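First structure 1, then structure 2: two forms of the same chain, each alone, as C-alpha cells.
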Structure 1
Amino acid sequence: MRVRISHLTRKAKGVAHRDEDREEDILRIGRATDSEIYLPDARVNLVHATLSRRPGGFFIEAVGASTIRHNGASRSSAPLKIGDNVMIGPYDLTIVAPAAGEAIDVTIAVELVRAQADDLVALRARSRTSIEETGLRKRSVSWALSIVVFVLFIALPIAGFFIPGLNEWSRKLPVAFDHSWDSGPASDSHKFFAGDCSACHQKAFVQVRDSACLACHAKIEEHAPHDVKVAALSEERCAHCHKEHTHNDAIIVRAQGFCANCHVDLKKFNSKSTVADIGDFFSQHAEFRPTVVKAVETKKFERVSLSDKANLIEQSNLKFPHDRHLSERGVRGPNGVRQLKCADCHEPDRGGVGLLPIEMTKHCADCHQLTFDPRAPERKLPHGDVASAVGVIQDFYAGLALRGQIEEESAPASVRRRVGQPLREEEKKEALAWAETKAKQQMEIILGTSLCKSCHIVEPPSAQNPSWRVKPVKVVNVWMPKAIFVHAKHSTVDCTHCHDAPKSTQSSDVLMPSINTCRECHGGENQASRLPSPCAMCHVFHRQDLGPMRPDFKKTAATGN
C-alpha cells in the first residue's frame, strides 16, 4: 500500500505540513526511531500500534498493552475509514482521503495536539513584542544604549579617578560610579574599606601596587633570609600571591602545591641551603629539628634532628628528673605523698596556645623548701639571687653569735654564753669571726652540696671569682620556632603520647615528639585517611624571625614604583 504521512504543525500564520510518502505493507507507529510513523513523545510506547491493509480495508491494532482511542472510544484494534480519528498519546491521527489523481491509497495526518507543558515555549508564545512594535528603529536604539553604557560604566568611573570628589559624591547614589567595575566580593578582612577602590587601585589602568598594601601592612615579614635570592619573593607583587574580589577564597593561598613548588628543591635558590627538601607532610617531610640549648652562657642554640640521638642533649643548667616526680608511687611532699600531674608544673597560658614557664617558687618550693637551719624552721632563703641568699645566711649566723647560747662544742665561750649577758668589744669580734666561719661552712653545704646544688650547677668561690655562682638557667619555651603548634587543639591526646616524660631521668633528655607521632593523625593535603594538613596549617609564610619583606618600602613609595 502507498501511504502519505502528513505531519501538521500549527503556527501563528496557519498550518504547516511536512509530507512523507511510504510504500509498506505494515506501518509501525511508535516512539522508536525506526517507526514508519514516528511519534517522539515519552507518552507513546516504542512500538505502540501497527497500521495495515486487509481485505476489508485499513486496520489499526495496538501492540502489547498499549491503548489507542478510536473516534473517542478505547480499543485494542479497529478498522479505519476516511474521516476516522485515532488518539495515540498526545497525537491525533486523522485518516484523510487521498487527493484525486495521486497514486496514493490513503493519507494520514499526524498532529501533536497535547504537547507537554513547556514554560519557555509558553513564554515565547505570549511575548510577541518586538522593537518594531514600539515604533522605534533598531539602529537608533542600539546607538542610544551604547552611549548610555559608555557614559555610565566607562566615562563616569574613569572621570571619578581624575575629578577629585566625584567618586565620593557618587557613593550617595544607589551604585557608586566606580563600583560598576567591581569584580567580586571583598575578603572579610578588607570589607571595612573595600568600598574605597582607590585604597588598593591607586592609579587608573595600573595593577595594584605593593605600596597600597604596605600602607597598612608595612611590617609584613620576609619569607627567606635576604641573602638567599629568590625572584618570586623579592620581585613579585603582593597581589601576585594575594588575590582580591573572591571573598575569602584566594586572599591567602593555602594549597600545598604553592609551597612544594619551591620546597621540593631549595638548592635551586641557595646551593648551600641546610634546609631539607619537602614536598608533602606525610610522604616527604624531614624529621623535626628542635632548637636545643647547647650553652646558656654563650647563648649557643643548635637545631638537632630528633633522629640524631647522639647529639640530642639539652644543656639548660637546671637539673630535673621527670621520672622521680612522676613515679606511680607518688612523691613525698610536706603534706604526705602526692601523685603529681603534668599540669601541676605545666600550666597552659591564658590563650591556651603555649605553656607558662616553670617557676621555682610556684612549682617546686612547696616540697623543696629553702630552709637552711633547724634552729629556725620557718626561716627560708630567698630564691633566684645568690648574693641575697649569701647575705641572709651571713646575717643569720651573725645574729645567732651575738645573741649567744649556741650549744656547739667548737664554738668559743662568747658564743656559748647565756642570752642577755653583755659582750665586751674583744668578745664581739671573736663571736663575729666565728659567725663568718660558720656561714662559710654552711654555704659549702647549702649551696655547694645539698640545697641549691640539687637543682643547679653551682660554682664555689675561686681565685678569679671570689663569690658563689649559680650557672644561669635557660628552660626553652619554644622548641620548634619554624612551625606553629597549639597544645589546646590537642587536649584530647594524652601528654605522654607525645612526651615520654615519665621515663626521663634527667633534664638533658629532649622530650619532643617525632614527626611519626604527628603522622598518626596528620596526612598530607590529599590524604583521605588522615586529617588533611597543608603546609600552611603548621607554618606561617611571613616569618617573624626575619626582617620586613620590602625593607626599602619608604623609598619605593616616594618614587611611586
Structure 2
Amino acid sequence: MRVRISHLTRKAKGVAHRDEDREEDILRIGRATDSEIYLPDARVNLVHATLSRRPGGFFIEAVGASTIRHNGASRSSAPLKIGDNVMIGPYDLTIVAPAAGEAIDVTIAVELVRAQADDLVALRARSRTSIEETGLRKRSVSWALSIVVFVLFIALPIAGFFIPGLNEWSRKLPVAFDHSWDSGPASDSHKFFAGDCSACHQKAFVQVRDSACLACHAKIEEHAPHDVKVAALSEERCAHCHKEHTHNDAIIVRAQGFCANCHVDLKKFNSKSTVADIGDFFSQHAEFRPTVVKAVETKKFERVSLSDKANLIEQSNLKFPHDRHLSERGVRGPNGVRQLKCADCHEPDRGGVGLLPIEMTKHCADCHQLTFDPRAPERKLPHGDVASAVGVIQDFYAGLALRGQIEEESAPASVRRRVGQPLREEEKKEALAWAETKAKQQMEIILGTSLCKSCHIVEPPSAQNPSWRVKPVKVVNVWMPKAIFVHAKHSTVDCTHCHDAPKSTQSSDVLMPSINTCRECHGGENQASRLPSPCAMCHVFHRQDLGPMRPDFKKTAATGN
C-alpha cells in the first residue's frame, strides 16, 4: 500500500506540513527510530501499534500491552475509514482522503497535541542529573573508574592465570577472577563440558582455534565441493559463524544475509560457478529444479527446472496413472468400488518429514492380486522376482499334468486321466510337455499382456535374453535432496493444492509444486504479509552429500590454525 504520512506543526502563522510517502505492507507506529510512523515521545512505546491493509480495508492494531483510542474509545484493534481519529500517547493520527489524481491509497495526518506538562520541566530544574552538579569532576571519576576496571578485570585475571592456586582461592569470593572474562553461559549444546574452559580455549589470549572445534566435529561436512575453490569458505574460522556463550540463543546462523552475501553474485567468488544467483526467496530465487530419474539401469539422475516442460519427464519404468486411482467415481476392486485418497498410499514417516516408500504388498495387492489360475485362487505369484514367478507357474502346471483329471478337451489323454492312475514313461513325457506349453501360454498372458505389463515395462524372451525380463523400477522419494521440506508442517493444506495428481495421466509426470505455489504463503526474510522464510529454513550450510569441512584436519591441528 502507498501511504502519505503528513506531520503537522502548528505555528503562529499557520500549520506547517512535512510529508513523506512510503510503500509498505505494514506500517509500524512507535518511538523506535526505525518505525515507519515515528513518534518521538517517552509516552509512546518503541513499537506501539501497526497499520496494515487487509481485504476489508485499513486496520490498526495495538502491539503487546499498548493502548490506543479509536474515535475516543479504547481498543486493541479497529478498522479505519476516512475521518477516523486515533490517539497514541500525546499524538493524534487522523485518516485523510488522498487528493484526486494522486497515486496514494491513504493519507495519515500526525500531530502532537498533548505536550509534556510543565511539572516535568520543574522536576528537571531541581534535580541533579550531571556529574558536575554533584561536586565531582569528570576527569577524576574517569581515572578512578579506569583503575578499578584495570585491576578487577585485567590485572587480577592475568595474575590468576600465572600464579598457581590464585584462581582457586578467588572462587571463595562472590566473583572469581577468571569469571570476569566470561561473556555469558555456554549454549545448550556445549553445557556438558562448559566447566572445562581449556577444551575450547587451548591457549591463553588466543582465539578459539578450528582444531578445538574439529576435535569433536571432525566429520562436519563441507559446504561446496573441494574442487570448487572459494577463498571465503577456506579462510573463515568456525567461530566466525558459530558464536558461543550466547546461552539459549542458537549458535547456528540463520540470517538471510549470511547466505545472500555470497549467493547473490556467485561469479564474484567463483567465475566457473553454474549455480543460480539467489538473494531473496520471494523476489530473487530461481525456479525449483527437482532431481528426476532419466535412466534406471544406468542410475542416471538429472536436475531439471520445473519450467523446462520438454525435459521434465521421470523415466521410472513404472506405469501409474494417478487420475484413474483418484477418480471421483472410485476404483473397482475385488471388494467392490473404493474411493481412494492420497493418504491411502502416501504415508508420512515417523518424523513427519518425508513419505514412506510405496510397497506392492501393502498398498497395491488388495486390488492388483497376483493370482494366475482360477483353479488355485490362493496361489499367488511373488512380486519383484521374475525367475521365481516363472518357476511357480511351471511347477503349478507340471503338478496338474502329473496329477491328472484336467478337464480340457485339447489336453492329451495322459493329462485327462483319472487321479491316481499311474503314468508310463512315454505318458509322463507327454504330460510334462503339455505342462510346459501351458506354462508358456500363461506367461504370455501374465507377463506379456495383462498382469505385470499393466504396471511395468516387460521385455519378452529374445535371442540376446532367453528369459522374461521386467525392467527395474526406481521412483524418486525426495525430489529436492539438498533442501529441507517437512510434510507434517503443511498438513493443514490439502495434498492436491500442491500436487496436481488428479490430472496426472502417467507416472512420468513430476507432480512437484512450482516456486509460486510456495510463495503463496512464504516470503523473504523481511516479508510481513507472508511467513518470513530465510535461506536456512529450507537449506543447510554443511551438506551431507559432501566430504568433511577440513580434509587436512591433522595438518590443521598440528599447525594450530
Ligand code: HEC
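Numbering runs along the sequence of structure 1, starting at 1. The model shown is predicted, which means the values in this text are computed figures rather than measured ones. We call the rigid core whatever largest set of C-alpha positions still superposes within 1.5 Å between the two forms.
In this pair, structure 2 matches the form predicted alone, whereas the other structure does not.
Annotation: Cα of residue 73 displaced by at least 2 Å between the two structures, core superposition. Superposition of the core reveals a Cα shift of 2 Å or more for residue 42 between the two structures. After superposition on the rigid core, the Cα of residue 146 moves by 2 Å or more between the two structures. Superposed on the rigid core, the forms differ at residue 85: its CA is offset by 48.8 Å between the two structures.
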